[in-house]
Structures are given as C-alpha cells and as structure tokens.
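The chain below stands alone and is given in structure tokens; this is the form predicted on its own.
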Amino acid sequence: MSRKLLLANDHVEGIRRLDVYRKHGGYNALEKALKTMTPEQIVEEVKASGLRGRGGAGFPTGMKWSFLAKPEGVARYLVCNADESEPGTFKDRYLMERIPHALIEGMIASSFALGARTSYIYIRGEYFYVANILEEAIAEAYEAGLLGKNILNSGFDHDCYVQVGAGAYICGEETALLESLEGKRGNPRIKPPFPAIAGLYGCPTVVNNVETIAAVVPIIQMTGAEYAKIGVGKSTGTKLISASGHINKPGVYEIELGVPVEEFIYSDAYCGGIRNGKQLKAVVAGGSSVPILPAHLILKTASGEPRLMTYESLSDGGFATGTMLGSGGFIVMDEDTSIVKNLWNFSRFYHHESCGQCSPCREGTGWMEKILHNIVEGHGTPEDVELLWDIQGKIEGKTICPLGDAAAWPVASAIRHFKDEFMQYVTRPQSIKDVKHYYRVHQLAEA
C-alpha cells in the first residue's frame, strides 16, 4: 500500500475541524515556514521536491513559482484553481470536503513563499456545499490567528477568500478563471503575457491546483529532498487518483507515483478489479480530455514494459500508443462498453462547454457531436468516420486554450484504437435501430 501524505488522516473523526486537525500535526508546517524559513528557501524546497502541477498539465511547481514577477510596490496574488470540472475527476472535492485545513495551510505557506498578501480559492458552482465547508474552516483560521494580521507573530499578514464560480468548465483554464474572478465573462486570454507577469487585476499571479497547494505542506514538513525520494524519476511524491467506472471499488486513492497500472486496477488495495468479473476493454487515465487506451496498451507500453502510474510511463509512445496522467480521473471501461457512445457523451460535454471564442472549437465541437449522434442513432456512414478524423485534426493546436485539444484527443484516440467499432455502427443494416442490441449481437457473432 502506498504511503499517504495528503490523506493520512482522512479517516480521523472530526478532522475537518481546526482543533482536531492541529492535534494531528496541522499547521506545524506553516509554523516551521513562518518562523524558520525565508520565502526563497520555501521556493527552493518546492523545486527540490520535483512537485509537478496536479491539475493536469504536470508543469514543475517550483519552476512556475520562480517565474513570478516581483516589481516594487505591486501586489502579488495566489489563486487556487478549485474549478474541478474535468469529467471523471473528483479528488479535489474529496480533499476539500474531508480536510479543508490542508488546503488552507498550503495557501498560507505558499502565499508566504510568493510574497502574496491576498489569495483566492476559486471553486466551481456545483461545489457550493464544499465552499461553505471552506468558509467555515477559514473562519476558524482567522479566529485562531492563522489568517489575518501578524500570523503566528511572524509579521506576515494574509487574507484568503473563497469565490464561487458559475459552473463553467472553461474556467478551469487559468486565464479564464482569472477573467471570471475579476467579474468578467470567463474567456481564456491570449498568452503571453502569462499570469506570472500580468494575472489577476494585471498583477503577478500564480494559479495552482488544490492538490498542488496542499502538497506544499508535507514538502515543508519533510523537506523537498525527502519528498523527491517518493515516486519514480521525474514523477515524484504521491498523487490523488479519482477512480470510477466498471470497477469494484470506486473512490479516491492516494498512490505513490510509480504504481503499475495493472496493480492499481486489480489490487484489492485500490480498484479491486473489474466489476462482475468482466474483461477490461479500455481506460481513460487522466480525465476525459486525455487519449483513451485499449486494455493491452494501458497495461503495457508498446515496447512491452509494464505501464506505470507516472507522467512519463503513461505518455510513453506519444499519442500513438500512450496517453497522459492528466488530472488523475481514472475511468475504467469493461468489455460491454460502447466506445462510440461514450465518445458521443464526451463530445456533447465539450460542445456545451466551449466558450465560443475560437471558431475551430466553437464549430468543430458542434460538428463532432452531431456526427457522433448520427452514428450512434444508426444514420452514419463510413465517410462520417473519416470526417470526424479530419475535424479533430483541424481543432487540435488551433485554439487559444487547451479545450480544443481536450475535445480532439478523445476522438482521435477512439478512432485510432477502435475504428472497427465505428465501422460496425456505420455499416450495420439500417433496419436495426437499437444500438445496444446490434452491438451485443455483433460481439456474440465475433465470439
């Protein structure tokens, strides 16, 4: 079983409350940071830890922090991206709901390192009840002198606020989040300038994911060098994984990066195997925006090596035979799953959530949804499959923000690895209207 750093005390009754959290070592890292370390030393510890952004991109956190501009007399901000809208991902919600002070302690310590006197937790509208939990925890922190003026008699002042969004997936992109936080429509900004130079209100800003900020606490407590000993290669530390789909034990798991994918799926310590004794068909490893992989490629790389739960191993082979760790939204699909119907569901989501700013995304996601709907309903043609491939290629890499890529990659990988299934849909007799029935009959015939 993997070592736990963030969820070590999630089973403790009342851990949501400040007094219980402190009894189990809570805010010790903050006290260490404020009383024995300089901001620069904290940044160096985060660099040494090898911590990578846990929201999906996997960019080195310490490097991102070092990019923060520090002009004289200009405010700096830390913004927590709690707009967890990626389908299949719910680990940030779990952390905030169960141990809110873990995030708040990380916010204060990180803000001290960055020289930010004000921070914001931007949380998705559907998590309104979690926002209330955070507000209660923040109120406890203020009352205990852990927020506000002269925190722990260190001379450091800091205020932290919770801002509830309106439930837009696009606001998970950091610049769209900043636009929304400023009270404007959540459209992504053109970069450069990057938020580290001109972010919130035009000031230098760091935007980090919930899990990323919470991970700063154990890094300060145990040192970056010790944290870096956990994991494999450049995938250091632990990672929260949201496991769902056709498995016996769905839930949130904290793993040491480097656990074999096969072990994660079949071990009783994690997912507990495929539900109802079915066979594994495919996995979406990092939330709906990453390429889907068939069973033989998610368990082993194209070269035959065991696939590991790391940034490098999952991406081995590029998108031809690999995928991404992403946000850790691990969706398992059994042998009865219709990849085409599942893809249609994803495409409906991306079409609905496109901000409409870029025409390839605005128009392309709509066309992909319509074509897939026609295919699923039995009105598709082989030419439609080729058209889907053409459309995704015209979207990828041609939009202001990565939502276009997120919509294109699942389509590309589904066609790449499951084209035969698409052809079953578009070449079946038109008199058969029930997709599930046809698909089941076709599978039995092949068996």
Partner chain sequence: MAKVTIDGITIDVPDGTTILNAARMIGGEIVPPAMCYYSKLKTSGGYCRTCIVKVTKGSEKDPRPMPKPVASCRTTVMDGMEVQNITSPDLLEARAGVVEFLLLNHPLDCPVCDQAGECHLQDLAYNNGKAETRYAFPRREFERRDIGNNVQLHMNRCILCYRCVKVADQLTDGRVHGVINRGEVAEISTYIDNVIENEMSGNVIDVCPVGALTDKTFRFKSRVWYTKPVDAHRDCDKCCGKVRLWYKGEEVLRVTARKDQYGEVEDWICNTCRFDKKETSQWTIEGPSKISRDSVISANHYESLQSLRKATKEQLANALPHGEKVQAGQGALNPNNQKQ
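Just so it is clear, the model here is predicted, and its values are computed rather than measured. Residue numbers count along the first chain shown, from 1.
One more form of this protein should be noted, the form predicted in complex with its partner chain, which is absent from this view; the next part is about it.
- Note on the partner interface in the predicted complex: the residue among E312, D157, E335, E363 having a heavy atom within 4.5 angstroms of its partner chain is E363.
- When you look in the predicted complex, the only residue of K419, K394, K47, K32 with a non-hydrogen atom within 4.5 Å of its partner chain is K394.
- Although the partner is absent from this view, W367 contacts its partner chain in the predicted complex, with a non-hydrogen atom inside 4.5 angstroms.
- Its partner chain is not drawn, but in the predicted complex it has a heavy atom within 4.5 Å of H351.
- Proximity of V74 to its partner chain in the predicted complex: non-hydrogen atoms within 4.5 Å are absent; the residue sits far from the partner.
- Taking the partner from elsewhere, G317 is found to have every heavy atom lying beyond 4.5 Å of its partner chain in the predicted complex.
- Only one of 160 to 168, 256 to 264, 289 to 297, 269 to 277 places residue heavy atoms within 4.5 angstroms of its partner chain in the predicted complex, namely 160 to 168.
- Every residue of the trio R185, K398 and D405 has some heavy atom no more than 4.5 Å from its partner chain in the predicted complex.
- Residues of 379 to 393 lying near its partner chain in the predicted complex, listed in sequence order, are L387, D390, I391, the criterion being any heavy atom within 4.5 Å.
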